[in-house]
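The data below hold one chain only, encoded as structure tokens and taken in the form predicted alone.
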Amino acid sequence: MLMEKLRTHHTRDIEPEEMADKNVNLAGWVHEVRDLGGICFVVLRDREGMAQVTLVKKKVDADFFNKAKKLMRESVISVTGTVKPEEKAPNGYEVLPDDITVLNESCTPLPLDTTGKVEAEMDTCLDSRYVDLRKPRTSAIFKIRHEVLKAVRDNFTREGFIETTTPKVVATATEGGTSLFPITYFDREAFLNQSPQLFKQILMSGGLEKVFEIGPIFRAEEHDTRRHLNEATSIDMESSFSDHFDIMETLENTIVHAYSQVKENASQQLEYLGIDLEVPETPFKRLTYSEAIDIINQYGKEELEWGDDLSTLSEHTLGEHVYNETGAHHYFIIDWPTEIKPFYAMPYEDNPEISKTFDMMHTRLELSSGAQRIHYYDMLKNRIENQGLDPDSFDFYLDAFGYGMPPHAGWGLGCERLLMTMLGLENIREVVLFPRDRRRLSP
């Protein structure tokens, strides 16, 4: 069977007035069948949208009419027919069929309702993702995800970055701590990588100067919340001859470009989700860590001391305050205490207690962390020791700093958190095809 006989067009490709009375072949799934007695509507759904296939009992063969009425929802079909403009139909046309071929009949009952009229629990949707993806709302999310990642790549390329890939099986933890997934690597222990951080910095020593990576990271955190995952997609960059202020501008540009491209290229998907997307304005507001602590203590429900990390409650207090003041969802917290940031964060020369670091926040949660990095061998080794880590475990990393490491800075941005906040979703699992958390390892 030639595929061109199954499909000549997607549903969105058909221009009703230009293609009136022309023959087309459509292929997809049976979204709905509506039998009104003398007329039967079969709604065909493909990746791009829906088309109404109309059979009038008096004008078609009786067997053909009865066959259409009995089509099982979510069966795969191919329809050959004539285009007829119809304002009330999806996309402004209907197809008067000459033939409907069942390519594969669906089982019944379905694990969930693909029309969206009956809501399903999150676990049901994830267990049957292959059916859940057929819902226009769900597929819209992942088409938008595609647009976001495409926009990120385009923006980095436009700014002269080189895309790289780094190992996900490593011998040493990136940041220390216990949030690691150990694995057996032949006859020794290894770990799933928490971040490409150390390798990005090695590439700065290699002279690539500006690199980015989009790839998985793994965190064995105990959290089981609506905003945590144990496998996530991180968008990372590193840039030589740059400080933290330079890369904050890169981050702003990346966020704005992603929003702009989604608004421009995914209008149909945004409509499915009921979103009127606003593109953020730059520059994002910058608060020092000290200013953030003062705001939280003044307006929040908990008292923080200088040197404390921010709790979820504190982040909400701060985010609401910034939004009420500026009307903006995105902002930076800069100049964090050195001791609560990773060992590779560069302290200020005139005030070593404060580091050249930032977190980029959304009203709802943290999206990104970044910093100018330490590029001096001795200082970096001392910081590793001061944080209770063994420098010998970082030999492969430290060696790169002994042969001409330039000043450099970088950040990591959570892809799923970016999407979750962009689309106003309540559960981060909605933007992951097959999420991994403490309870879910399949599918």
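Worth saying up front: this structure is predicted, and the values here are computed from it rather than measured. From 1 onward, residues are counted along the sequence shown.
The discussion below concerns the form predicted together with the RNA, not included here.
*Asks:* Looking at 341-349, 257-265, 142-150, 183-191, which stretch has residues with any non-hydrogen atom within 4.5 Å of the RNA in the model of the complex?
*Replies:* Of the stretches listed, the one contacting the partner is 341-349.
*Asks:* Using 4.5 Å between non-hydrogen atoms, is residue 276 touching the RNA in the model of the complex?
*Replies:* Answer no; every heavy atom of residue 276 is more than 4.5 Å from the RNA in the model of the complex.
*Asks:* Is there any non-hydrogen atom of residue 439 lying within 4.5 Å of the RNA in the model of the complex?
*Replies:* Contact with the RNA, yes.
*Asks:* With a 4.5 Å heavy atom cut-off, would you call residue 109 a contact of the RNA in the model of the complex?
*Replies:* Yes, residue 109 sits close enough to the RNA in the model of the complex that at least one of its heavy atoms falls within 4.5 Å.
*Asks:* So in the model of the complex, is the RNA close enough to residue 38 to count as touching (4.5 Å, heavy atoms)?
*Replies:* Residue 38: contacts the RNA in the model of the complex.
*Asks:* Scan 286, 137, 316, 168 and let me know which has any heavy atom within 4.5 Å of the RNA in the model of the complex.
*Replies:* Checked against the cut-off, the match is 316.
*Asks:* Which listed residue (104, 157, 298, 312) meets the criterion of a heavy atom within 4.5 Å of the RNA in the model of the complex?
*Replies:* Comparing distances to the RNA in the model of the complex, the residue within 4.5 Å is 312.
*Asks:* Can you tell me which residues in 201-229 come within 4.5 angstroms of the RNA in the model of the complex, by heavy atoms?
*Replies:* In sequence order, 219, 221, 222, 223, 224, 225, 226, 227, 228 come within 4.5 Å of the partner.
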